[in-house]
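In structure tokens, the next block holds one chain alone, the form predicted alone.
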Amino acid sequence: METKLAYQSLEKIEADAVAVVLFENEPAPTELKFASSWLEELRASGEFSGKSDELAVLHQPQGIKAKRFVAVGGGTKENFDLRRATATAVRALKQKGVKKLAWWLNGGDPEAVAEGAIIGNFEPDQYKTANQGKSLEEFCAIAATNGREFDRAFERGCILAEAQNFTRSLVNEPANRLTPLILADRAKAMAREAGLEFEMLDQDRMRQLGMGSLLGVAQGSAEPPALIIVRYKPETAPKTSDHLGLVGKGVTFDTGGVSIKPADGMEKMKYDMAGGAAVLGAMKAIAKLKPDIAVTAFVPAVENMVGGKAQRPGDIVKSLNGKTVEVLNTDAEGRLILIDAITYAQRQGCTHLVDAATLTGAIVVALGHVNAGAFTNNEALLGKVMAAARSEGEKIWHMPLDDEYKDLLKSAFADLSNIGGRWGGAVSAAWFLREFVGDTPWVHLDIAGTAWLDDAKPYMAKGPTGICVRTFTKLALNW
């Protein structure tokens, strides 16, 4: 889809449709006088009230060149989400045969509009041979007055959304087409194209270093593991000595291992690498937007499989930082690969760490599919992450890490166990990671409930969401 920003009046827009946001209990802008009587009739009949996700289409409107005029419900101004409104319009109108859609900004944020359009146009149908979803050919945001800030904001929105869709395309890949080494190849190709540094630690190198925790998870699979590393360095000397490390869980398929998962829904465990895909997508955007801070991404990539060599409940592994872990449940594997990646990130000079992982079903019980859970040992870093998330419309909720939860991880046979029992599972998982973080400022994002949509929404297709890409990118840009 071609995306562009143009400066012209509403009446002169030539497109299959021009869309405009209207709010609940708010009068229509005076520029829409050509549709005022139609809008009054719709509101009076209740057919269109301006609520979120509502659309109404006027064909062959008089007074403008566009073939259709589309009223898009924005809800109340206090809770308005411009990305959602734009994506909703794109998804609805492309199914009605609209190929060229114009969006009247009317003072709206061009960055959010670009993001909404590109994210809304994504379909996870690359493996369908017929009946593929319809797609827009052109999206044009229309502003009345010219300005460099508008141009930059629109371009930034396009970069962020395309990076998010890159992540979504990775997450949507089935496990037979995205093994750990293939994920590494995709990361390498992205890094080469973006001008980033790429490195991969293979199984032998990880064994030499002593990554027993990561390798214990990988040993049941015929597919070898990889630790993917992608580095961004500012072109000029940065103003800060801070070094941001982004760590993403990269389990390309998770059977649960010997502690095997139920068959129902296991096919979705291809998305257990959504955290890893998110940090790679963020690096793709960071390479183009060039923040003034060094950023390095680390993706421990493995398959968690059942086999004759698979890790067993009761096994004890030694992590990269020297601590031993009793593996009570092989399905609590994400934390086992993350701790070795976190330790390696620290050894690579990262001064601040943020990780994203589809880590626990417990976070879904706690927060449902609306918010990701955030855990931290540093309120200042959490504040930066939360501010970046709010600016990008990604919902994150601060969860506790009180000292009392640490006791859940006690083991009689090793330094700690990899699970903490039934209660507070998301918290004990985060505490497990914290045990290996030390004093390094760190935020953990449990995205198990928000990385995948089981059903399509008006504003997003079923499947991967790409959460955290925009938050991570803005975190670096705002540093």
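All of these numbers come straight from a predicted model, not from anything done at the bench. Residue numbers run from 1 along the displayed sequence.
Below, we turn to the form predicted together with a small molecule, even though it does not appear here.
Mapping the unseen interface onto this chain, residue 329 counts among the residues with a heavy atom inside 4.5 Å of the small molecule in the model of the complex. The small molecule in the model of the complex is approached by residue 335, whose closest heavy atom lies within 4.5 angstroms of it. Mapping the unseen interface onto this chain, residue 360 counts among the residues with a heavy atom inside 4.5 Å of the small molecule in the model of the complex. The small molecule is not shown here, and in the model of the complex it never comes within 4.5 Å of any heavy atom of residue 201. Contact with the small molecule in the model of the complex, defined as any heavy atom within 4.5 Å, is confined among 77-85, 233-241, 121-129, 265-273 to 265-273. Note on the partner interface in the model of the complex: the residue among 414, 39, 419, 55 having a heavy atom within 4.5 angstroms of the small molecule is 419. Shown without its partner, this chain lists 433, 448, 445, 427 as candidates; in the model of the complex, only 448 has a non-hydrogen atom within 4.5 angstroms of the small molecule.
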